[in-house]
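The chain that follows stands alone, in the form predicted alone, written as structure tokens.
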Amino acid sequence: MDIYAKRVENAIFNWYYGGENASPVPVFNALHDGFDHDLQVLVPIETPDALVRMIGDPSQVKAGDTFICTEPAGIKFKHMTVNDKGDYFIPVYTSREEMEKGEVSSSLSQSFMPLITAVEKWEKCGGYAVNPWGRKLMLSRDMIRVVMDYRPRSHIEVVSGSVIDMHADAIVNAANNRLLGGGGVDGAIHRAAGPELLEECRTLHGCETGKAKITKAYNITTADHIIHTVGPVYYGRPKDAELLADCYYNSLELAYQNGCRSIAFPGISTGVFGYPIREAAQIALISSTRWLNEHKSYVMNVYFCCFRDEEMAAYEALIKKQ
């Protein structure tokens, strides 16, 4: 699967996951990142007559079979007609899994940017339906103009839910110093990732409080990396705030060093480590904003995942003050 198509798919998922107030900015960011790197999508096509003749008996063809057509064959994209005037959208897919949620079809891998620029030439084409069988993104002509005029920028989003549910290049684990699993989000991530995560963590020889280390995500297929950071146990000392800020800053820096464009954080130290939720949320926002301001040329989508209602309330109160 094309990495840039995966990032678009992830951003669309998170947009739906964030609810009706979620911003489309991470989706726009992912699309522009893809346009800059020849994002490939799958486009369903009508089976060419030349290929039908070559196949012979269509009943013998299974989904996923590949054929090489030995004679010239005209290609026609499949259409999703939207009214009795013949206006249509063209369906495109970020992955074969998304395409196979609907009807089985012949398809081709196509660079998305030429399609985006070509839509104005097709009189009755209203735009593109990205992943129309699942969490769809309707790119109408007007929306395409909005996307093309948009200038990518880093974005912070607060969502209600577990970090494990997010689709991101990296998810962050609130770990302990040994990095060998534990309770809360640490235990949940280890259970979801499987025993291979523990095996890799053993090779890291622990982690200092405030620092961060990175591993593969293993069975967590919605992320490429897990970043393990160790938050402070809360004693009310100024040092606690410094160490917690370091957790967010160092995690973002590690994500950047590994080419990530999206990262999802849990509430670090707000569980058994006892950090007051409102203070922790303020530190998370300030530290992450500082990192983003120091890396203005690098676009990063940052998600803060609030597993408890009081976490969401704390972030919402802080954001309203800004």
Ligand code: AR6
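For every residue, the number given is its place in the sequence shown, counted from 1. Computed from a predicted structure; not experimentally measured.
Not pictured, yet referred to below: the form predicted together with the named molecule.
Open item on the list: in the predicted complex, does every one of 174, 270 and 273 come within 4.5 Å of the named molecule, counting any heavy atom?
Closed with: Every residue of the candidate spot has a heavy atom within 4.5 Å of the named molecule in the predicted complex.
- [ ] Spell out, yes or no, whether the shortest heavy atom distance between residue 183 and the named molecule in the predicted complex is within 4.5 Å.
- [x] Yes, contact at 4.5 Å.
Open item on the list: Contact with the named molecule in the predicted complex for residue 307, defined as at least one heavy atom pair within 4.5 Å: yes or no?
Closed with: Within the cut-off, so yes.
- [ ] Flag residue 188 as yes or no: does it have a non-hydrogen atom within 4.5 angstroms of any non-hydrogen atom of the named molecule in the predicted complex?
- [x] Contact check for residue 188: yes, within 4.5 Å of the named molecule in the predicted complex.
TODO: Although the named molecule is absent from this view, report whether residue 162 comes within 4.5 Å of it in the predicted complex, heavy atoms only.
DONE: Answer yes; at least one heavy atom of residue 162 falls within 4.5 Å of the named molecule in the predicted complex.
Task: Stretch from 261 to 269, 36 to 44, 287 to 295, 23 to 31 whose residues place a heavy atom within 4.5 Å of the named molecule in the predicted complex - done: Result of the contact check: 261 to 269.
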